[in-house]
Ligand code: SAH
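Next up is one chain by itself, shown in structure tokens, the form predicted alone.
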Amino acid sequence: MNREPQSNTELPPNGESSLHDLNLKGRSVHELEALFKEIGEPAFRGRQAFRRINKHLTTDINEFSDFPAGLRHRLEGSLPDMPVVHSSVDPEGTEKCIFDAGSDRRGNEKKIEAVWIVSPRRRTICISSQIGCTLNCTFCATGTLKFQGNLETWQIVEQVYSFMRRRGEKATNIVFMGMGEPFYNYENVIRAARILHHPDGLNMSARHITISTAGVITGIEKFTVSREPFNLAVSLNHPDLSERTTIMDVNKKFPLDKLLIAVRKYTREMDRKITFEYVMIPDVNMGSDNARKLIKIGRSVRCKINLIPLNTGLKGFRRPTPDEVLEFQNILLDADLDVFNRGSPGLNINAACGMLALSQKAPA
């Protein structure tokens, strides 16, 4: 397993009035225990702080009732905020929020989006890992944004906590499928997933946390070696080696044939299925030859396939009709593959898969 780095911040000793620029969020239990020892407090304060932040979702240090008043005073300002600056809710209850992630050194605002997805039996939060994206998937609106860096661990988990506070209920599933490539921010993403999974925090089942990659092989290999317990999803989107490059530039660096080798190793060593995400684009990846190649891949890997109708109109692409979706799905089902149509929750508020581009559209 990866060792989580310990804080090396020089902190004022016990007795000084405040701890400037200290952030308690996004830290593991062990990191918080070490931090409190550094400032001359008992280590158990770290576990208490972890529970307050990650289980009780506390945002005000004065609500740390198990801390003495003097310590609360010293820790003022240690719970930074990432406020919601815009929200859109569709009639089914799916909500998209735009978060203020601060600004860069030049004063440029940094914003991200996350989505609360409502379905009959689930409350799923789709969270971002980067501000913008370095990839150029031709069908994805996020790739049109300027990349402004990786999110810190606390900013990743804060998306979850913010939604749960505003919605007044606990999420059932968390998916790292928002803005950015999670495996290009690997350490912070894994740290965030572990915090969300921790029994003293949300205690979210690892089987209900999914990390999705566009196919970054180095990340998949690291994920496998570390034997991370979380679900792994791969955005496949085309079953042909050369044609996949035309819609996903990541295929140039991490080609499909080598990607499938890494995926098979993961399923074999972890003894579990992988999820392939497949955005359906008419006249691009839904032909009979595409279906045949996808079936060949599906039969060679322990997997399930999530079909996603295209939600954007970039590059002149069009959304498939319901009949086209059903026809393509039935071909795969007839081949005895596990295939599901994920649909497009949040489509009318620009919150569906591939649509996160900081647009502020209210439901019709």
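Note that residue numbering follows the sequence shown and begins at 1. Fair warning: this is a prediction, and the values are worked out from it, not measured in the lab.
The same protein also has a form predicted in complex with the ligand, omitted here; what follows describes it.
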Mind telling me which stretch in 233-241, 189-197, 82-90, 154-162 gets its heavy atoms within 4.5 Å of the ligand in the predicted bound form?
233-241
Does residue 297 make contact with the ligand in the predicted bound form, using a 4.5 Å heavy atom cut-off?
no
Would residue 178 show up as a contact with the ligand in the predicted bound form if we use heavy atoms at 4.5 Å?
yes
Using the partner position in the predicted bound form, report whether residue 212 sits within 4.5 Å of the ligand, counting heavy atoms only.
yes
Although the ligand is absent from this view, report whether residue 277 comes within 4.5 Å of it in the predicted bound form, heavy atoms only.
yes
Though the ligand is not shown, can you say which of 48, 329, 311, 58 has a heavy atom within 4.5 Å of it in the predicted bound form?
311
Suppose contact means any heavy atom within 4.5 Å; which members of 127-155 contact the ligand in the predicted bound form?
135, 139, 140
